[in-house]
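Coming up is one lone chain in structure tokens, specifically the form predicted on its own.
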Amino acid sequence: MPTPEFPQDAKRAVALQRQLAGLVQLTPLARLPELVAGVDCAIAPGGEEIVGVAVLMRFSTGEVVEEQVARRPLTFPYVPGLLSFREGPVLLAALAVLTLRPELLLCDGQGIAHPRRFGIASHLGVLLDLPSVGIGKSRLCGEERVVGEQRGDWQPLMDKGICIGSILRTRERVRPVYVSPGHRCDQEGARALVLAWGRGHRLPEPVHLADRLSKRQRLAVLP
């Protein structure tokens, strides 16, 4: 596994993405992961601190096994395509204190559906050597297509003639999400995992709960 590195300079960050993108493996999952972590971040009031959370769930029972929260100073600006340099350090910190190792990461963000094919799901997956999937609420790159209204309807997300993800309807008559493998997963497996973790929300349940937890924690008053 590469050593985690998060340069503060955008040009160096882009160069690192291009370098690490060569380590991404788009391979089918051998089995359905049982322990799955959803991760998300929120910015604390004032904009000086970022809160990262990891929600670990068990697939067979749907139970929340563990939740962890980390806080770090916000040091990297918002730059489209460089989300992992803003959120990655705090998410790694939250994942590091889980007492059980996840078998899969579900990330609020992109996998290979990214201009350099290295979104936050790919970055975390490569650094941790874990299968990972990105679920974006908005499109970062690729061609928009009309998707059917039924749950499970999807269209390929194409960029320059290459399929980089799926535009997937996870709830009937609710806006689709943009699903792409991050690492150690393929396109079909990424779609199947997101649908398998559907619990009536637009986002898969671990990411939905991580989103809610991060929003609560950003407002928490620390002693």
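Residue numbers run from 1 along the displayed sequence. From a predicted model like this one, the values you see are computed outputs, not experimental measurements.
Omitted here: the form predicted in complex with the DNA. The next part is about that form.
Three-residue candidate spot 60, 104 and 188; no residue lies within 4.5 angstroms of the DNA in the predicted bound form by any non-hydrogen atom.
Checking 80-88, 93-101, 124-132, 149-157 against the DNA in the predicted bound form, the stretch whose residues place heavy atoms within 4.5 Å of it is 80-88.
Out of the listed residues 199, 215, 12, 18, 215 is the one that sits within 4.5 Å of the DNA in the predicted bound form by at least one heavy atom. A single residue from the set 163, 195, 32, 43 has any heavy atom within 4.5 angstroms of the DNA in the predicted bound form; that residue is 43. Within this chain, residue 145 is remote from the site of the DNA in the predicted bound form, having no heavy atom within 4.5 Å. Contact check for residue 205: every heavy atom lies farther than 4.5 Å from the DNA in the predicted bound form. Scanning 101-117 for heavy atoms within 4.5 Å of the DNA in the predicted bound form gives 108, 109, 110, 114 in sequence order.
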